[in-house]
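Taking the form predicted on its own, here's one chain by itself in C-alpha coordinates.
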(Lines give C-alpha, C1' and ligand atoms only; values in the text may rest on other atoms or scores of the structure.)
Protein backbone atom coordinates (compact mmCIF):
# COMPACT_ATOMS: atom_id res chain seq x y z
CA UNK A 1 0.00 0.00 0.00
CA UNK A 2 1.05 3.58 -0.62
CA UNK A 3 2.37 5.43 2.41
CA UNK A 4 -0.03 8.37 2.22
CA UNK A 5 -3.76 8.24 2.80
CA UNK A 6 -6.16 9.87 0.37
CA UNK A 7 -6.66 13.06 2.41
CA UNK A 8 -2.93 13.52 2.99
CA UNK A 9 -2.15 13.10 -0.70
CA UNK A 10 -4.78 15.67 -1.62
CA UNK A 11 -3.43 18.10 0.95
CA UNK A 12 0.08 17.84 -0.51
CA UNK A 13 -1.34 18.77 -3.90
CA UNK A 14 -3.07 21.87 -2.54
CA UNK A 15 -6.60 20.48 -2.43
CA UNK A 16 -8.58 22.13 0.36
CA UNK A 17 -10.49 20.42 3.12
CA UNK A 18 -13.66 21.86 1.62
CA UNK A 19 -13.01 20.20 -1.73
CA UNK A 20 -12.17 16.94 0.02
CA UNK A 21 -15.56 16.99 1.78
CA UNK A 22 -17.26 17.77 -1.53
CA UNK A 23 -15.67 14.63 -2.93
CA UNK A 24 -16.94 12.63 0.06
CA UNK A 25 -20.42 14.05 -0.49
CA UNK A 26 -20.34 13.05 -4.15
CA UNK A 27 -19.27 9.52 -3.24
CA UNK A 28 -22.03 9.21 -0.64
CA UNK A 29 -24.60 10.27 -3.23
CA UNK A 30 -23.22 7.85 -5.84
CA UNK A 31 -23.27 5.02 -3.29
CA UNK A 32 -26.90 5.93 -2.45
CA UNK A 33 -25.94 6.55 1.17
CA UNK A 34 -27.61 9.16 3.39
CA UNK A 35 -25.71 12.33 4.29
CA UNK A 36 -25.01 10.91 7.74
CA UNK A 37 -22.37 8.65 6.15
CA UNK A 38 -20.28 11.53 4.80
CA UNK A 39 -18.19 11.87 8.02
CA UNK A 40 -17.58 8.10 8.01
CA UNK A 41 -16.34 8.22 4.41
CA UNK A 42 -14.13 11.21 5.21
CA UNK A 43 -12.69 9.50 8.29
CA UNK A 44 -11.95 6.30 6.37
CA UNK A 45 -10.24 8.12 3.51
CA UNK A 46 -8.15 10.15 5.94
CA UNK A 47 -6.86 7.05 7.72
CA UNK A 48 -6.79 4.27 5.12
CA UNK A 49 -3.85 3.69 2.82
CA UNK A 50 -4.33 3.94 -0.92
CA UNK A 51 -4.79 0.54 -2.55
CA UNK A 52 -2.36 -0.54 -5.26
CA UNK A 53 -4.09 -1.30 -8.56
CA UNK A 54 -3.18 -2.98 -11.85
CA UNK A 55 -5.30 -2.07 -14.91
CA UNK A 56 -5.37 -4.68 -17.69
CA UNK A 57 -6.65 -4.06 -21.23
CA UNK A 58 -7.83 -6.95 -23.39
CA UNK A 59 -10.34 -7.29 -26.28
CA UNK A 60 -12.10 -3.96 -26.26
CA UNK A 61 -12.21 -0.50 -27.78
CA UNK A 62 -10.46 1.31 -24.89
CA UNK A 63 -13.73 3.18 -24.30
CA UNK A 64 -13.57 2.60 -20.55
CA UNK A 65 -10.09 4.10 -20.40
CA UNK A 66 -11.42 7.03 -22.42
CA UNK A 67 -14.24 7.38 -19.90
CA UNK A 68 -11.94 7.50 -16.90
CA UNK A 69 -9.62 9.95 -18.69
CA UNK A 70 -12.61 12.30 -18.86
CA UNK A 71 -13.63 11.82 -15.24
CA UNK A 72 -14.17 15.00 -13.26
CA UNK A 73 -15.32 13.89 -9.80
CA UNK A 74 -12.45 13.18 -9.23
CA UNK A 75 -10.29 13.81 -12.28
CA UNK A 76 -8.01 11.15 -13.74
CA UNK A 77 -5.02 12.88 -12.12
CA UNK A 78 -6.69 12.67 -8.72
CA UNK A 79 -7.67 9.05 -9.29
CA UNK A 80 -4.16 8.01 -10.30
CA UNK A 81 -2.30 10.13 -7.76
CA UNK A 82 -4.70 10.18 -4.82
CA UNK A 83 -7.48 7.58 -4.84
CA UNK A 84 -5.37 4.59 -5.87
CA UNK A 85 -1.75 3.80 -6.56
CA UNK A 86 -2.05 2.74 -10.20
CA UNK A 87 1.07 0.72 -10.91
CA UNK A 88 0.21 -0.55 -14.38
CA UNK A 89 -1.99 0.79 -17.20
CA UNK A 90 -0.82 0.32 -20.77
CA UNK A 91 -2.41 3.53 -22.08
CA UNK A 92 -1.27 6.08 -19.52
CA UNK A 93 1.84 4.65 -17.82
CA UNK A 94 5.28 6.08 -18.56
CA UNK A 95 7.27 2.82 -18.86
CA UNK A 96 7.00 0.65 -21.97
CA UNK A 97 7.97 -2.85 -23.03
CA UNK A 98 9.85 -4.97 -20.51
CA UNK A 99 9.91 -2.17 -17.94
CA UNK A 100 6.13 -1.92 -18.04
CA UNK A 101 5.68 -5.65 -17.71
CA UNK A 102 8.08 -5.69 -14.76
CA UNK A 103 5.83 -3.19 -12.93
CA UNK A 104 2.91 -5.57 -13.27
CA UNK A 105 4.86 -8.67 -12.28
CA UNK A 106 6.34 -6.96 -9.22
CA UNK A 107 2.88 -6.10 -7.90
CA UNK A 108 1.61 -9.66 -8.41
CA UNK A 109 4.67 -11.11 -6.73
CA UNK A 110 5.17 -8.68 -3.85
CA UNK A 111 1.54 -7.83 -3.03
CA UNK A 112 -0.23 -11.12 -3.60
CA UNK A 113 -3.77 -10.92 -2.21
CA UNK A 114 -3.41 -7.21 -1.38
CA UNK A 115 -3.86 -5.35 -4.68
CA UNK A 116 -6.88 -4.56 -6.84
CA UNK A 117 -7.05 -5.77 -10.43
CA UNK A 118 -9.04 -3.67 -12.88
CA UNK A 119 -9.87 -5.33 -16.19
CA UNK A 120 -11.10 -3.66 -19.38
CA UNK A 121 -12.09 -5.71 -22.42
CA UNK A 122 -13.29 -9.26 -23.00
CA UNK A 123 -11.12 -12.35 -22.71
CA UNK A 124 -10.97 -14.69 -25.74
CA UNK A 125 -11.14 -18.36 -24.75
CA UNK A 126 -11.17 -20.12 -28.12
CA UNK A 127 -8.02 -21.84 -29.37
CA UNK A 128 -6.25 -21.32 -26.09
CA UNK A 129 -6.90 -17.58 -26.05
CA UNK A 130 -4.57 -16.89 -28.99
CA UNK A 131 -6.71 -13.99 -30.29
CA UNK A 132 -5.41 -11.52 -27.69
CA UNK A 133 -1.80 -11.68 -26.56
CA UNK A 134 0.51 -9.29 -24.71
CA UNK A 135 4.24 -9.85 -24.33
CA UNK A 136 3.80 -13.38 -25.64
CA UNK A 137 1.09 -14.29 -23.13
CA UNK A 138 -2.61 -14.68 -23.85
CA UNK A 139 -5.18 -12.47 -22.15
CA UNK A 140 -6.56 -15.64 -20.54
CA UNK A 141 -3.17 -16.50 -19.05
CA UNK A 142 -2.60 -12.95 -17.81
CA UNK A 143 -6.07 -12.69 -16.30
CA UNK A 144 -5.69 -15.96 -14.44
CA UNK A 145 -2.39 -14.84 -12.98
CA UNK A 146 -3.26 -11.23 -12.12
CA UNK A 147 -6.95 -11.62 -11.16
CA UNK A 148 -6.36 -14.97 -9.51
CA UNK A 149 -3.89 -13.38 -7.07
CA UNK A 150 -5.74 -10.10 -6.47
CA UNK A 151 -7.70 -9.06 -3.40
CA UNK A 152 -10.57 -8.19 -5.73
CA UNK A 153 -11.10 -7.59 -9.43
CA UNK A 154 -13.19 -4.80 -10.94
CA UNK A 155 -14.44 -5.78 -14.39
CA UNK A 156 -15.03 -2.34 -15.92
CA UNK A 157 -17.22 -2.00 -18.96
CA UNK A 158 -19.57 -4.54 -20.53
CA UNK A 159 -16.82 -6.42 -22.37
CA UNK A 160 -14.95 -7.27 -19.17
CA UNK A 161 -18.19 -7.92 -17.28
CA UNK A 162 -19.80 -10.45 -19.62
CA UNK A 163 -18.08 -10.27 -23.01
CA UNK A 164 -19.89 -7.26 -24.46
CA UNK A 165 -20.03 -6.67 -28.19
CA UNK A 166 -17.01 -8.95 -28.66
CA UNK A 167 -19.08 -11.89 -27.40
CA UNK A 168 -22.15 -11.18 -29.53
CA UNK A 169 -23.22 -14.03 -31.81
CA UNK A 170 -21.47 -15.78 -33.44
CA UNK A 171 -18.59 -14.86 -31.05
CA UNK A 172 -15.82 -16.30 -33.27
CA UNK A 173 -13.03 -15.85 -30.70
CA UNK A 174 -15.00 -17.21 -27.74
CA UNK A 175 -14.91 -13.97 -25.75
CA UNK A 176 -16.19 -14.04 -22.16
CA UNK A 177 -16.14 -11.82 -19.10
CA UNK A 178 -13.60 -12.00 -16.29
CA UNK A 179 -15.67 -14.15 -13.93
CA UNK A 180 -16.21 -16.83 -16.56
CA UNK A 181 -12.52 -16.84 -17.47
CA UNK A 182 -11.33 -16.83 -13.83
CA UNK A 183 -14.16 -18.45 -11.82
CA UNK A 184 -12.33 -18.37 -8.48
CA UNK A 185 -11.56 -14.64 -8.64
CA UNK A 186 -13.52 -12.19 -6.48
CA UNK A 187 -15.13 -10.07 -9.17
CA UNK A 188 -17.29 -6.94 -9.14
CA UNK A 189 -18.87 -6.25 -12.52
CA UNK A 190 -19.17 -2.59 -13.52
CA UNK A 191 -20.76 -2.90 -16.98
CA UNK A 192 -21.61 -0.03 -19.28
CA UNK A 193 -20.48 1.01 -22.71
CA UNK A 194 -18.52 2.78 -21.44
CA UNK A 195 -18.47 2.39 -17.66
CA UNK A 196 -19.13 5.55 -15.68
CA UNK A 197 -15.86 6.42 -13.93
CA UNK A 198 -17.72 7.55 -10.81
CA UNK A 199 -18.93 3.99 -10.27
CA UNK A 200 -15.32 2.76 -10.29
CA UNK A 201 -14.26 5.35 -7.74
CA UNK A 202 -17.34 4.77 -5.59
CA UNK A 203 -16.68 1.02 -5.46
CA UNK A 204 -13.12 1.63 -4.24
CA UNK A 205 -14.30 4.26 -1.74
CA UNK A 206 -16.89 1.82 -0.40
CA UNK A 207 -14.17 -0.77 0.17
CA UNK A 208 -11.92 1.75 1.93
CA UNK A 209 -14.80 3.00 4.08
CA UNK A 210 -16.46 -0.25 5.12
CA UNK A 211 -13.74 -2.84 4.52
CA UNK A 212 -16.03 -4.81 2.22
CA UNK A 213 -17.15 -4.69 -1.37
CA UNK A 214 -20.59 -3.13 -1.99
CA UNK A 215 -23.73 -5.26 -2.09
CA UNK A 216 -24.08 -6.96 -5.47
CA UNK A 217 -26.98 -8.23 -7.56
CA UNK A 218 -27.18 -11.66 -9.21
CA UNK A 219 -24.94 -10.41 -12.04
CA UNK A 220 -22.25 -9.24 -9.56
CA UNK A 221 -23.12 -5.58 -10.20
CA UNK A 222 -23.16 -3.09 -7.27
CA UNK A 223 -26.72 -2.30 -6.27
CA UNK A 224 -25.85 1.36 -5.77
CA UNK A 225 -25.16 1.72 -9.49
CA UNK A 226 -27.36 -0.96 -11.03
CA UNK A 227 -30.22 -1.44 -8.58
CA UNK A 228 -32.70 0.95 -10.17
CA UNK A 229 -34.36 0.75 -13.54
CA UNK A 230 -33.52 3.50 -16.00
CA UNK A 231 -37.17 3.81 -17.01
CA UNK A 232 -38.18 4.79 -13.48
CA UNK A 233 -35.66 7.67 -13.30
CA UNK A 234 -35.86 8.92 -16.88
CA UNK A 235 -36.75 12.57 -17.48
CA UNK A 236 -38.89 11.45 -20.45
CA UNK A 237 -41.00 9.15 -18.27
CA UNK A 238 -43.89 11.62 -18.11
CA UNK A 239 -44.23 11.40 -21.88
CA UNK A 240 -44.32 7.61 -21.73
CA UNK A 241 -47.15 7.81 -19.20
CA UNK A 242 -48.96 10.33 -21.41
CA UNK A 243 -48.57 8.16 -24.51
CA UNK A 244 -46.34 10.68 -26.25
CA UNK A 245 -43.79 8.78 -28.34
CA UNK A 246 -41.19 9.91 -30.87
CA UNK A 247 -42.13 8.27 -34.19
CA UNK A 248 -39.27 9.35 -36.43
CA UNK A 249 -35.86 10.92 -35.92
CA UNK A 250 -36.17 14.67 -35.95
CA UNK A 251 -39.97 14.78 -35.84
CA UNK A 252 -41.78 17.29 -33.67
CA UNK A 253 -42.09 14.85 -30.79
CA UNK A 254 -38.34 14.28 -30.92
CA UNK A 255 -37.70 18.00 -30.75
CA UNK A 256 -40.10 18.31 -27.80
CA UNK A 257 -38.33 15.59 -25.82
CA UNK A 258 -40.97 12.86 -25.97
CA UNK A 259 -40.41 9.20 -25.07
CA UNK A 260 -37.97 7.27 -27.27
CA UNK A 261 -39.49 3.83 -26.66
CA UNK A 262 -40.81 3.50 -30.21
CA UNK A 263 -37.30 4.13 -31.59
CA UNK A 264 -35.84 1.23 -29.62
CA UNK A 265 -35.24 2.58 -26.11
CA UNK A 266 -34.55 -0.35 -23.77
CA UNK A 267 -35.01 1.74 -20.62
CA UNK A 268 -37.95 -0.38 -19.34
CA UNK A 269 -35.59 -3.36 -19.07
CA UNK A 270 -32.27 -1.62 -18.25
CA UNK A 271 -30.72 -1.08 -14.83
CA UNK A 272 -28.04 1.60 -14.50
CA UNK A 273 -27.59 4.97 -12.74
CA UNK A 274 -27.15 6.96 -15.98
CA UNK A 275 -30.13 9.27 -15.31
CA UNK A 276 -28.78 10.35 -11.92
CA UNK A 277 -24.97 10.27 -12.27
CA UNK A 278 -24.82 11.09 -16.02
CA UNK A 279 -21.64 11.76 -18.02
CA UNK A 280 -19.54 14.80 -19.00
CA UNK A 281 -19.43 16.43 -15.57
CA UNK A 282 -22.97 15.29 -14.88
CA UNK A 283 -24.42 17.35 -17.72
CA UNK A 284 -26.12 14.70 -19.85
CA UNK A 285 -26.61 11.06 -20.83
CA UNK A 286 -27.79 9.37 -24.07
CA UNK A 287 -31.56 9.63 -23.53
CA UNK A 288 -31.31 13.26 -22.44
CA UNK A 289 -29.32 13.92 -25.60
CA UNK A 290 -32.05 12.36 -27.74
CA UNK A 291 -30.77 8.82 -28.28
CA UNK A 292 -32.57 5.70 -26.98
CA UNK A 293 -30.96 3.58 -24.26
CA UNK A 294 -29.73 0.27 -25.66
CA UNK A 295 -29.22 -1.36 -22.24
CA UNK A 296 -25.43 -1.33 -22.47
CA UNK A 297 -25.12 -2.52 -18.86
CA UNK A 298 -27.47 -5.48 -19.33
CA UNK A 299 -26.07 -8.98 -19.68
CA UNK A 300 -25.86 -10.04 -23.34
CA UNK A 301 -27.88 -7.02 -24.50
CA UNK A 302 -26.66 -7.42 -28.09
CA UNK A 303 -28.29 -10.83 -28.40
CA UNK A 304 -31.33 -10.67 -26.10
CA UNK A 305 -32.53 -7.08 -26.48
CA UNK A 306 -32.83 -7.08 -30.25
CA UNK A 307 -31.34 -4.51 -32.67
CA UNK A 308 -30.58 -1.12 -31.14
CA UNK A 309 -33.32 0.76 -32.98
CA UNK A 310 -36.07 -1.87 -32.73
CA UNK A 311 -38.58 -2.01 -29.94
CA UNK A 312 -38.05 -4.39 -27.05
CA UNK A 313 -39.01 -8.02 -27.62
CA UNK A 314 -42.36 -8.92 -26.06
CA UNK A 315 -42.25 -8.77 -22.28
CA UNK A 316 -44.67 -11.06 -20.48
CA UNK A 317 -47.26 -9.03 -18.62
CA UNK A 318 -46.34 -5.75 -20.31
CA UNK A 319 -48.44 -3.76 -22.76
CA UNK A 320 -45.64 -1.72 -24.29
CA UNK A 321 -46.08 -2.94 -27.86
CA UNK A 322 -49.83 -2.31 -27.77
CA UNK A 323 -49.33 1.12 -26.23
CA UNK A 324 -46.87 2.28 -28.83
CA UNK A 325 -49.11 1.04 -31.66
CA UNK A 326 -52.47 2.16 -30.28
CA UNK A 327 -51.82 5.48 -28.57
CA UNK A 328 -55.00 7.01 -27.19
CA UNK A 329 -57.30 4.12 -28.06
CA UNK A 330 -57.94 3.04 -24.50
CA UNK A 331 -56.37 2.42 -21.12
CA UNK A 332 -53.51 -0.07 -21.20
CA UNK A 333 -52.01 -1.59 -18.11
CA UNK A 334 -48.62 -3.23 -17.98
CA UNK A 335 -47.80 -5.19 -14.86
CA UNK A 336 -45.74 -8.18 -13.72
CA UNK A 337 -42.28 -9.57 -14.39
CA UNK A 338 -40.79 -6.57 -12.60
CA UNK A 339 -42.68 -4.11 -14.85
CA UNK A 340 -44.55 -1.41 -12.96
CA UNK A 341 -48.09 -0.48 -13.96
CA UNK A 342 -48.41 2.44 -16.32
CA UNK A 343 -51.66 4.32 -16.84
CA UNK A 344 -52.08 5.77 -20.32
CA UNK A 345 -54.29 8.81 -20.84
CA UNK A 346 -57.60 8.44 -22.62
CA UNK A 347 -58.01 9.22 -26.27
CA UNK A 348 -57.07 12.80 -27.11
CA UNK A 349 -57.69 12.51 -30.82
CA UNK A 350 -61.51 12.58 -30.78
CA UNK A 351 -63.09 13.11 -34.20
CA UNK A 352 -65.70 15.82 -34.59
CA UNK A 353 -65.18 17.44 -31.21
CA UNK A 354 -63.64 20.88 -31.06
CA UNK A 355 -60.51 20.92 -28.92
CA UNK A 356 -59.96 23.88 -26.62
CA UNK A 357 -57.26 24.96 -24.18
CA UNK A 358 -54.67 22.73 -25.82
CA UNK A 359 -51.11 22.82 -24.60
CA UNK A 360 -48.30 23.20 -27.11
CA UNK A 361 -47.42 19.51 -26.69
CA UNK A 362 -51.04 18.47 -27.33
CA UNK A 363 -51.10 20.57 -30.49
CA UNK A 364 -47.87 18.99 -31.64
CA UNK A 365 -49.21 15.50 -30.91
CA UNK A 366 -52.41 16.19 -32.88
CA UNK A 367 -50.39 17.43 -35.84
CA UNK A 368 -48.27 14.27 -35.79
CA UNK A 369 -51.36 12.03 -35.59
CA UNK A 370 -53.04 13.88 -38.44
CA UNK A 371 -49.92 13.57 -40.58
CA UNK A 372 -49.82 9.81 -39.91
CA UNK A 373 -53.50 9.48 -40.85
CA UNK A 374 -52.79 11.18 -44.17
CA UNK A 375 -49.90 8.80 -44.81
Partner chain sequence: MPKIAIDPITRIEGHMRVEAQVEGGKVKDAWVSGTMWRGIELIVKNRDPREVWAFLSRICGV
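Residue numbers count along the first chain shown, from 1. Nothing here was measured: the structure is a model prediction, and the numbers come from that model.
In what follows, reference is made to the form predicted together with the partner chain, a form of this protein that is not presented.
Engineer: Of the listed stretches (297-305, 146-154, 250-258, 224-232), which one has a non-hydrogen atom within 4.5 Å of the partner chain in the predicted complex?
Structural biologist: Contact criterion met by 297-305 only.
Engineer: Though the partner chain is not shown, can you say which of 289, 238, 92, 215 has a heavy atom within 4.5 Å of it in the predicted complex?
Structural biologist: Flagged contact: 92.
Engineer: Going by heavy atom distances of 4.5 angstroms or less, which of 162, 207, 88, 271 would be at the interface with the partner chain in the predicted complex?
Structural biologist: It is 88 that has a heavy atom within 4.5 Å of the partner.
Engineer: Is residue 166 close enough to touch the partner chain in the predicted complex, meaning at least one heavy atom pair within 4.5 Å?
Structural biologist: Contact check for residue 166: yes, within 4.5 Å of the partner chain in the predicted complex.
Engineer: Given that the partner is absent here, does residue 113 sit within 4.5 Å of the partner chain in the predicted complex, heavy atoms only?
Structural biologist: No, residue 113 is distant from the partner.
Engineer: Could you tell me if residue 136 has a non-hydrogen atom within 4.5 Å of the partner chain in the predicted complex?
Structural biologist: Heavy-atom contact with the partner chain at 4.5 Å: present for residue 136.
Engineer: Would you classify residue 285 as touching the partner chain in the predicted complex, given a 4.5 Å non-hydrogen atom cut-off?
Structural biologist: Judged by the heavy-atom cut-off of 4.5 Å, residue 285 is well away from the partner chain in the predicted complex.
Engineer: May I ask whether 62, 193 and 309 all come within 4.5 angstroms of the partner chain in the predicted complex, judged by heavy atoms?
Structural biologist: Checking in the predicted complex: 62, 193 and 309 are all within 4.5 Å of the partner chain.
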